[in-house]
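The chain below stands alone and is given in structure tokens; this is the form predicted on its own.
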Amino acid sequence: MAAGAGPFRPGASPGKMAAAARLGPVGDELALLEKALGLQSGNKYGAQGERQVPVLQTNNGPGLTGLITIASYLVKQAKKEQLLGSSAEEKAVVHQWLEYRVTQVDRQSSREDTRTVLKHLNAHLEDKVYFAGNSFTLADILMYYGLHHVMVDLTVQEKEIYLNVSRWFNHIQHYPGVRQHLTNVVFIKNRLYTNAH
């Protein structure tokens, strides 16, 4: 964990979860992020257009549009800027993975698209603990939320194929406050199958 990041606060109130459920996946995700960052609830989220682009109506200005924009705003509002990266290079890497989340992960339309994304992420995570290297960032949180529905549906054998993604995902779901009310995805620690005969 980055210095000064502080742990996330787990759990969500039933009222908050019910409100998020009415907002759909994007509203739920932003409500989870808001709670994980320790922010007071009360932001009003909506979605616009065919692709259901998230919108945040702020109290003192025009609405904010787009997952990356809103998530970055929430991180800054929570005064946890280290989640956006600490160096110029790390900030660029975090932003790169946030863009990947919106342009690739969120636009999967087939099983083949999902396999392609998982294969790419698996290769990237081969020698990394987190998406931006050795620091837990907003990229990890939003990639976790974006991949949760995919990981829930994978078989044990598929999780083994994407072993680096599985390792990363399991680590992030146990990071304090990130998972909240989302289903815990089970991973088998011992390999059931080997290549030796």
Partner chain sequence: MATPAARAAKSSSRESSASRAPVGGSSRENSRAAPAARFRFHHRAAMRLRVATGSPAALKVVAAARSAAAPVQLCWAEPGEPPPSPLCPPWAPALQLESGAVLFSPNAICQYFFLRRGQQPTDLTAQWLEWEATELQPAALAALYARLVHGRTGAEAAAALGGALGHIERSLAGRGTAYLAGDAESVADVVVWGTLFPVLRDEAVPVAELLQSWFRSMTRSEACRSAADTVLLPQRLQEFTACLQKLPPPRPLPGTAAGCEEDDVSERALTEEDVAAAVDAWNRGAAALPKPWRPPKPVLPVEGMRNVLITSALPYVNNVPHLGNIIGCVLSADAFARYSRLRNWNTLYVCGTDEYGTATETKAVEEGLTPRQICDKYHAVHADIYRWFDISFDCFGRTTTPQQTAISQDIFQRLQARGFVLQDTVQQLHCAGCQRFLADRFVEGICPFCAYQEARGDQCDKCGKLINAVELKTPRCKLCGGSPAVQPTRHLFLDLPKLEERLQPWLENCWATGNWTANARYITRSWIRDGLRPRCITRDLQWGTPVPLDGFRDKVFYVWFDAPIGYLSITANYTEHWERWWKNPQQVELYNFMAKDNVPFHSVVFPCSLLGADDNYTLVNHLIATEYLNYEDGKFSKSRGVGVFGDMAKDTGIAADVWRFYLLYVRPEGQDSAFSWGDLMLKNNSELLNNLGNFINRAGMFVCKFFGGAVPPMALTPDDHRLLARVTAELRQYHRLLERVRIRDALRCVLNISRHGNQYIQVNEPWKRIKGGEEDRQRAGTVTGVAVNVAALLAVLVQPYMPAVGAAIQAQLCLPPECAVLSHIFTCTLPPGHRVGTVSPLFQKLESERIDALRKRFGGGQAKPPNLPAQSDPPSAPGAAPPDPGRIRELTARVAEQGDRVRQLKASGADGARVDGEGGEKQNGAVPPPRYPQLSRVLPYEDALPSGCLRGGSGVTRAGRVPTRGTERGSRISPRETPPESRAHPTGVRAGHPPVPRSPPRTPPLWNPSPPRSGAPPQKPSSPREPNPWTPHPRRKIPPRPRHTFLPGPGSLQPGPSRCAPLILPRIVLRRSAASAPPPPPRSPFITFARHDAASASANRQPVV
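A quick note: this is a predicted structure, and the numbers were derived from the prediction, not measured. Numbering follows the first chain given and starts at 1.
If you look for the form predicted in complex with its partner chain, you will not find it shown, but the lines that follow are about it.
Exercise: residue 83 in contact with its partner chain in the predicted complex, heavy atom 4.5 Å = No, residue 83 stays farther than 4.5 Å from its partner chain in the predicted complex.
Its partner chain contact in the predicted complex: residue 66, any heavy atom under 4.5 Å = Yes, residue 66 sits close enough to its partner chain in the predicted complex that at least one of its heavy atoms falls within 4.5 Å.
Just to confirm, residue 57 within 4.5 Å of its partner chain in the predicted complex by heavy atoms?
-> Close contact is absent here: in the predicted complex, residue 57 is far from its partner chain, nothing within 4.5 Å, heavy atoms only.
Residue 134, heavy atom within 4.5 angstroms of its partner chain in the predicted complex = Result yes; residue 134 sits at the interface with its partner chain in the predicted complex.
Within 93-107, which residues come within 4.5 Å of its partner chain in the predicted complex, counting heavy atoms only?
-> In sequence order, 93, 95, 96, 97, 99, 100, 102, 103, 104, 107 come within 4.5 Å of the partner.
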